[in-house]
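First, one chain by itself: the form predicted on its own, in structure tokens.
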Amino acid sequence: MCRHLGYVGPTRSVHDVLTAGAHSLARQTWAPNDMRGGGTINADGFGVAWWGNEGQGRYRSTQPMWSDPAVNETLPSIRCGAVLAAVRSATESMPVETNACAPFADGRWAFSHNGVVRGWPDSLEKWSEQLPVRDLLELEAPTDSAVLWLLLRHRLREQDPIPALTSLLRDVETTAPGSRLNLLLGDGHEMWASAWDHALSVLVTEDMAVIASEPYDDDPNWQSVPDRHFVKARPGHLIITPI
């Protein structure tokens, strides 16, 4: 059920963010520690968004991170101060294609969903009916995560991230109980995330902030986020609060 990671801090290469630590996101592609019954490897593609001096960029692939040459040939040359990345384990019946890989992006935002919406697609029909037709026409892939992104993006037009995420989580829980809804949102300066029936950890210092499905090293300052809690993080600033 995927793994994701968000980073804000000193400028470094995108490759470094993906591969840093003995249990890096790249390693989690084939050796995750806490998938909670949602598969054993994350080999159905990956994606990464970054924010640098020239704005936001993004790369997505249907290849596993370990076999895509761009990881070692292109991403080392891209330097930035913020990254949001995800590796994918596709839910049964959902397509393996580039547009189905997180992060989804629009304007300053990038988004990833780590989990599954139960009863898909019927369980999201009620909320999708509230979307403008234009938004539905922009659906990137027929997956639960892509629809969650449309629903969140629509709310972000009128709400700040925390109320937008809160309302989305509560709505989805009413029609799809038992879903795993670890959501990660970033804008290049700050990150917001939910821990909802799935693993999530956070590491914040004065210089950097990291939100990750699993710690990528043995730094004792990693904090495990309790279930049904929100995280708001940037360098030198961390808030963990019940949803």
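These numbers come from a predicted model, not from an experiment. Quick note: we count residues from 1 along the sequence shown, nothing fancier.
The following text describes the form predicted together with glutamine, which does not appear among the structures shown.
- Stretch in contact, per heavy atom within 4.5 angstroms of glutamine in the predicted bound form, of 140 to 148, 122 to 130, 68 to 76, 153 to 161: Going through the listed ranges, the match is 140 to 148.
- Task: Tell me, out of C80, L168, A90, A105, which residue has a non-hydrogen atom within 4.5 angstroms of glutamine in the predicted bound form.
- Result: After the contact test, the surviving option is A90.
- Any residue of 90 to 116 with a heavy atom within 4.5 Å of glutamine in the predicted bound form counts; write them all down in order. The stretch touches the partner through A90, T91, M94, A100, H113, N114, G115, V116.
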